[in-house]
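The chain below stands alone, shown as structure tokens; this is the form predicted alone.
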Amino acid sequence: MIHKLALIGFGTVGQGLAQILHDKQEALRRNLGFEPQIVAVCTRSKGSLYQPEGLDLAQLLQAAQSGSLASYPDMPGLERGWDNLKTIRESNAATVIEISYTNLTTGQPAIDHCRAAFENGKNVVTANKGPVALAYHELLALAAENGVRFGIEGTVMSGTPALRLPGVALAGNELSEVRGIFNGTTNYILTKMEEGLSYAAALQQAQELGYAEADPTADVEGHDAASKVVILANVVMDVPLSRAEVSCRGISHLTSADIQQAKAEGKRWKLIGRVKKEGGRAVASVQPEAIPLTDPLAGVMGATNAITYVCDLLGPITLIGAGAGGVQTGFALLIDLINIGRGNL
């Protein structure tokens, strides 16, 4: 059965998903019985397209890489110029892929995109942290009320299954704490500082490689990691937590002397996000910590992410993997789509 998709946003992640669907189309159909079809793409900067019978993925990717969807060839039935909400409400997509700009202050316009999709009987799959960190329970209830699904795997560690693993493979355990390295930019900077670079030089290198934005505040001051801690508390640990309740401190104050002092003590600085259950409530923080080299998180270097679940039956379980990237996050969207098709989400 064909699963029709509308993409709201078509940057690195959207193009990563489209590339996966283009390259693996036959294998997905043959091995999983999964036949996705992108019928709409709507972006703020590149324009929008809607073709009820499905867009040609090779031509779509070529047009996106040229910088404008205006170069996508005309064909019968093709609509251009629809805005986000019209695309969500009036396209024949069964699922909306919400990958627009992430706003960690208001969650908009992504929250309104999710609401519109649910109210029109459409599933939402997203890698956008804003709606999940700020309105998860409201949106989940709205999805349930309308008999549709809300896929959010890509919001914490890209395609690394930080949300799915505890719900499936660790089911039956009580989680007393979840902690981890949830921001690849800061982990890269700390790795390079240990190799001898200053904070400023390491940040500049991270920006040149595309790990850090021109304005790196959300990463280096811990705000990005804090939003992921909120998601983990609400989704994985099932304890209510708001962003305002997460104490947050970044890495910009760390010096080369701090790095070397920790090294001399057999420790390594990491920006650690954590959430604990204490008396039925969540206690959460994001802050740099000098952790022993024996800690599994201490060995996680570069832009890689990691998460440790503290389980009552198994003890600590650590998952390490990619925390960003177009194809990697595109895979997170794909696995949610596959599980919607299976009825498992």
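As the structure is a prediction and not an experimental result, all values here were calculated from the model. A residue's number is simply how far along the shown sequence it sits, counting from 1.
Although it is not shown, the form predicted in complex with a further copy of the same chain is what the next lines describe.
Stretch-level contact check against a further copy of the same chain in the predicted bound form with heavy atoms at 4.5 Å: of 314-322, 54-62, 278-286, 38-46, the positive one is 314-322.
Taken together, the three residues L69, D83 and G151 all stay farther than 4.5 Å from a further copy of the same chain in the predicted bound form, as judged by their closest heavy atom. With the partner removed from view, the residue among G121, G266, G210, G167 that has a non-hydrogen atom within 4.5 Å of a further copy of the same chain in the predicted bound form turns out to be G167.
With the partner removed from view, the residue among T160, T185, S91, T95 that has a non-hydrogen atom within 4.5 Å of a further copy of the same chain in the predicted bound form turns out to be T160. With a 4.5 Å cutoff on heavy atoms, Q205 does not count as touching a further copy of the same chain in the predicted bound form; it lies far away. The shortest heavy atom separation between E174 and a further copy of the same chain in the predicted bound form is within 4.5 Å. In the predicted bound form, a further copy of the same chain sits within 4.5 Å of a heavy atom of Q328. With a 4.5 Å cutoff on heavy atoms, L28 counts as touching a further copy of the same chain in the predicted bound form.
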